[in-house]
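In the form predicted alone, a lone chain appears below as structure tokens.
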């Protein structure tokens, strides 16, 4: 999916399961390197919010496809982060609403949704160096980037982090949905560097990633 599209800028892929720490790592790494930070999960959540606003059931793939064709989805930069707008509206404050939490896994499983998100990410990569976090960034969306990292943590630690964030979705259920999804499931890209963050600080993880990037020849 979109793997053959030309890419003018560098992309660092940060994949991993929910509450692994990848968002904190990707944001801080973006700040350190000056790359644009993109949270692909936020795009899926924004689409889910839009679908729910349109009173479309998360399993109605045909209606979802129709709604997305006329949604007017665009991205803009704010504080070196990519933000998604739908019909000119920034749904940012609603991305963690309970209805979105409950429906995002269902909406994001459809190929039409994943293809749209991948298209938006490739458009961003035409203009900026990116740090993109998600679940299929290194394996599917940008398989040719040499800069791939898989951020993980134990289920117990991730559950504690999720609770601390005020989230109520169940880690085990989300893991199962992500891993068994027929389209672009959560997998570790074969050439990704795996980092377990269970007992590491964000700074320790960042230092480890930067050390690996230097070994790969990325100017830092």
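Residue numbers count along the first chain shown, from 1. Please read these numbers as outputs of a predicted model, since none were measured by experiment.
We do not show the form predicted together with a small molecule, though everything after this point is about it.
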- Query: If you check in the predicted complex, do 22, 96 and 135 all have a non-hydrogen atom within 4.5 Å of the small molecule?
  - Reply: yes
- Message: I'd like to know if residue 104 sits close to the small molecule in the predicted complex, meaning any non-hydrogen atom pair within 4.5 angstroms.
- Response: yes
- 4.5 Å heavy atom contact, residue 49 to the small molecule in the predicted complex: no
- Query: Would residue 108 sit within 4.5 Å of the small molecule in the predicted complex, counting heavy atoms only?
  - Reply: yes
- Item | residue 30 within 4.5 Å of the small molecule in the predicted complex, heavy atoms | no
- Task: Could you tell me which one of 83, 128, 114, 120 places a heavy atom within 4.5 Å of the small molecule in the predicted complex?
- Result: 114
- Have a look at 55-63, 35-43, 190-198, 152-160 and name the one stretch with heavy atoms inside 4.5 Å of the small molecule in the predicted complex. 35-43
